[in-house]
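Below sits a lone chain in structure tokens, taken as the form predicted on its own.
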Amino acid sequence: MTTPGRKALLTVLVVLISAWVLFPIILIALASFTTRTQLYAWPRSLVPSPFSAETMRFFVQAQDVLQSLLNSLLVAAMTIVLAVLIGAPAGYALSRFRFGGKEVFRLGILGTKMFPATILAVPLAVSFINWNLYDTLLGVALVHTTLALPFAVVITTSVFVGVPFELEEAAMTLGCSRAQAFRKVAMPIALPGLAAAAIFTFVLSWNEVFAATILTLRNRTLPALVMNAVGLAGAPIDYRFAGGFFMIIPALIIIFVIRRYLLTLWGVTVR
């Protein structure tokens, strides 16, 4: 295949994948700004006329939505801090030191993702009750950290591999300790990778619903609240559309704000 043909094929694939991802988001966004009357009308137009905030206002004013939103943000923040504090040193150690069973340990980290979290539902609930962590945001954050750590370790390992060790050695010859060289030299260079790890951690924590559902009753995160309302209470269709769009917004904002670090990790510069 000629070069122009490859470029055309690549363009078509990019457009199709983008449409596959964006089309449902666009439909949910349009439905979220459609009046309740239009949502239940048939046939219903694709584009609302006029645009209305009635559906979004109905969702935001629903019981416990704002509190659940705050809970989700707090859990995500705690998860990011814990995952980075634990994952970054682990990634640094895997990238800098040689020890027996290193590859087995690395594969073992990824191997933890093979087991479905549902098999831990009962043991987790019983253990958290015994530890007085049941129905607490800290308990949910600990579970989310466990789920996010494999990604954080793998990402930070690849990032620190790309940081020349000679720079740290130069800092240590000038009087820095190993810890100071790590903090003053390696960490600033690795910030784009840490930002990428933080993005994945936030998205994982924000969208995770299983642990938040089985480990909370009153202090639910937003996904757990929406799932409970849709699955058990049979929430109306306008609540579902608004809830779906409302849950997408924070992740999109976070990715947009720190996209520079994410793209820098992949070797792309955003001007």
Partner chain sequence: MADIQLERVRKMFGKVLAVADVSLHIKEGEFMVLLGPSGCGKTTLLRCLAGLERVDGGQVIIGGDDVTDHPPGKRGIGMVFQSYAVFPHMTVFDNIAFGLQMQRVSSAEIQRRVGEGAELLQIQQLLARYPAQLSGGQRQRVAVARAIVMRPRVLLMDEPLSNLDALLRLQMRGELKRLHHEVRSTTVYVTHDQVEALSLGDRIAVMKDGTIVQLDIPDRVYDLPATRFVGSFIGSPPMNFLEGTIRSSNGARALETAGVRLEFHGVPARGRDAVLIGIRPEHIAVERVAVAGGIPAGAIPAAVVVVEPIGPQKLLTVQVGPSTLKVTTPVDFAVDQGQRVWLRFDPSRIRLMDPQTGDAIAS
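Keep in mind the model is a prediction, meaning the values are calculated, not measured. Residue numbers count along the first chain shown, from 1.
Just so you know, the form predicted in complex with the partner chain exists too; it's not on screen, but the next bit is about it.
Residue contact check for residue 173: one or more of its heavy atoms lie within 4.5 Å of the partner chain in the predicted bound form. Taking non-hydrogen atoms only, residue 169 approaches the partner chain to within 4.5 angstroms in the predicted bound form. Residue contact check for residue 180: one or more of its heavy atoms lie within 4.5 Å of the partner chain in the predicted bound form. Contact check for residue 101: no non-hydrogen atom falls within 4.5 Å of the partner chain in the predicted bound form. Checked against the partner chain in the predicted bound form, the candidates 129, 81, 189, 110 yield a single residue with a heavy atom inside 4.5 Å, and that residue is 189. Exactly one listed residue, out of 185, 74, 199, 133, brings a non-hydrogen atom to within 4.5 Å of the partner chain in the predicted bound form: 185.
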